[in-house]
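The form predicted on its own is given below as one chain in structure tokens.
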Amino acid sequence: MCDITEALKRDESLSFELRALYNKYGYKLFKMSKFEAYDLYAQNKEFLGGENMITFTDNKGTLLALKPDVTLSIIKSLPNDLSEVQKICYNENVYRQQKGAGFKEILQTGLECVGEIDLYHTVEVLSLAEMSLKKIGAPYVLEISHMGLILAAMEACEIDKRDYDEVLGYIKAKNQGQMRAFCQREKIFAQGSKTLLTFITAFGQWQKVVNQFVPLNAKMAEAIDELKNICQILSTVGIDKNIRLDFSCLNDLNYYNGIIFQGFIQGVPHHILSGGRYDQLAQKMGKNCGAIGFAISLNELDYLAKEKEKYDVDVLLIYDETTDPADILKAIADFTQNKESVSVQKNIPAKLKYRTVYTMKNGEAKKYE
């Protein structure tokens, strides 16, 4: 009998594999409705990238939105004061507006770890992100950054908070020229200017990158130590080969406060996985806790080169009016037992691609010579 995964699309099959992986680490499945109160998303549009939503009014006059996100609903569902860490995974369709296009249904798989987050929880989530990318079966890289490190550096440089987005924009675009001009304009001291430029120029293997930073204040020293500890642990367990530090990996300052990361797959023009530490989102929603997680947009796998199947079926089985249908069924059972697919026809179809032809003779399937 054919394995059920052979009948599933690549993204569907992968979603089951990832769910099984997360279950092994104690993450429980979260299920939600397709709809959520519009206010939940409207109050956190920046977290969603400022995207528009599909909305409608129900028969009670409540404005609802077709869900563009799962994380917000998960955080909303949790108690305000968590007595223990909650580990949650999901496999849901979300509805996002594509740039320059309409709305698209996206199959999204991910997990959230919410509560008193410590170093272990952080490396567990990063490990699961790396394992998730590995399961896709294509060359990949997991890029890691640290929002807290960048924020601490900007604070040490006494940059006006109104200019934070400008500085982050230069880091994200790796624009050294504009960053130098900004430092000169704002009279940033020499070591501060060097540090801001290092966020642009330093990327790659963690050992090489992290040692380029000189702490400008206690917060920056703490963030550097955290980043070193995380990378050292990942290296110790042997999963740092495909991990890189890249500070152009950034998220919204109003929500993310620590480690952030993105996963890339060869053949896909943008990141397929996105995650990070988002304590500020949880606190904004009235939850006295920390939170870290990630989501994978499985639809992006469509970008990967699809393997063209050489054959439509393994076996083409030809029969005529004299053949007993019971003999045909027995022959099919024999083929499928060996995991071969079969198409039963009276004549050879013009467009069917097959590997081998058999004909029914004297109650048995005989290979056509």
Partner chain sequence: MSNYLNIALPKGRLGEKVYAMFAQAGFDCAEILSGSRKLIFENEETKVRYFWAKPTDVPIYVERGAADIGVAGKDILLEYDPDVYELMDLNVGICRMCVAAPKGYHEDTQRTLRVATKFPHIAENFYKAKSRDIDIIKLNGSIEIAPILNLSDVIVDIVETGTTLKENNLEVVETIIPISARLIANKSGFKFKDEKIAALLQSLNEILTKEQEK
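Remember, predicted model here, so these are calculated numbers, not experimental data. Residue numbers count along the first chain shown, from 1.
What comes next is about the form predicted in complex with the partner chain, which is not displayed.
This chain lacks the partner; the member of K135, R185, H270, K241 within 4.5 angstroms of the partner chain in the predicted bound form by a non-hydrogen atom is H270. Y140 is the sole member of W206, Y164, Y95, Y140 with a non-hydrogen atom within 4.5 Å of the partner chain in the predicted bound form.
Remark: all three candidate residues (N175, Q178 and I265) come within 4.5 Å of the partner chain in the predicted bound form, counting heavy atoms only. Residues within 4.5 angstroms of the partner chain in the predicted bound form, judged by any non-hydrogen atom, belong to 165 to 173 and to none of the other stretches in 119 to 127, 288 to 296, 189 to 197, 165 to 173.
At a distance threshold of 4.5 angstroms between non-hydrogen atoms, Y303 is in contact with the partner chain in the predicted bound form. When contacts are judged by a 4.5 Å heavy atom cut-off, D246 counts as touching the partner chain in the predicted bound form. Residues are counted as partner-facing when one of their heavy atoms sits within 4.5 Å of the partner chain in the predicted bound form; in 145 to 164 not one qualifies.
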